[in-house]
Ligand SMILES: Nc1ncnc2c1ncn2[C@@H]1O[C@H](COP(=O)(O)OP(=O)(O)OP(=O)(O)O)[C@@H](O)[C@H]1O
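One chain comes next, on its own, written out as structure tokens in the form predicted on its own.
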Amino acid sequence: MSIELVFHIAGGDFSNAGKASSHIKKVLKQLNIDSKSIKRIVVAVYEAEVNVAAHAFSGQVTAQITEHHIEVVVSDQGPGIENIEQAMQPGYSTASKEVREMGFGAGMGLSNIQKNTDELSIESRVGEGTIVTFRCNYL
């Protein structure tokens, strides 16, 4: 079994951030994946969606669902991450004042993704964008 889901994310569109994670949650429930795994996956995907909405011009979420795990690739066209190690620190944020005023940008996104995944890879080029790839194995 392998299911691929693809979602587009527009930069600044917080009203639609969460659509990919919500749809993925629905599919995983239909496949009878355990609830603890679903919760971890949904948190990681949601955090990645919000990061794209907060920091990039546009992005895409691609989820590959198999019977043993899900692999998610979130790619964006945006400013990139200058210092990935620093960006991984809980509480570190480069979010704009406007994003913070909307209740986002607390600097927990990448660390929450790491906490809820089994494998995480981040590639970024300043001025071009970022690719976050993660995998969650089902319990």
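Treat the numbers as computed from the prediction; the structure is a model and nothing was measured. Numbering starts at 1 and follows the sequence shown.
The following text describes the form predicted together with the ligand, which does not appear among the structures shown.
Engineer: Please name which of the stretches 91-99, 65-73, 35-43, 22-30 has residues with heavy atoms lying within 4.5 Å of the ligand in the predicted bound form.
Structural biologist: Looking at the other structure, the answer is 91-99.
Engineer: Consider Gly109 of the chain shown here, and say whether it contacts the ligand in the predicted bound form, taking contact as heavy atoms within 4.5 Å.
Structural biologist: Yes.
Engineer: Which of the residues spanning 68-93 lie within 4.5 Å of the ligand in the predicted bound form, based on heavy atoms?
Structural biologist: Going through 68-93 in order - heavy atoms within 4.5 Å of the ligand in the predicted bound form - the hits are Asp76, Pro79, Gly80, Ile81, Ala87, Tyr92, Ser93.
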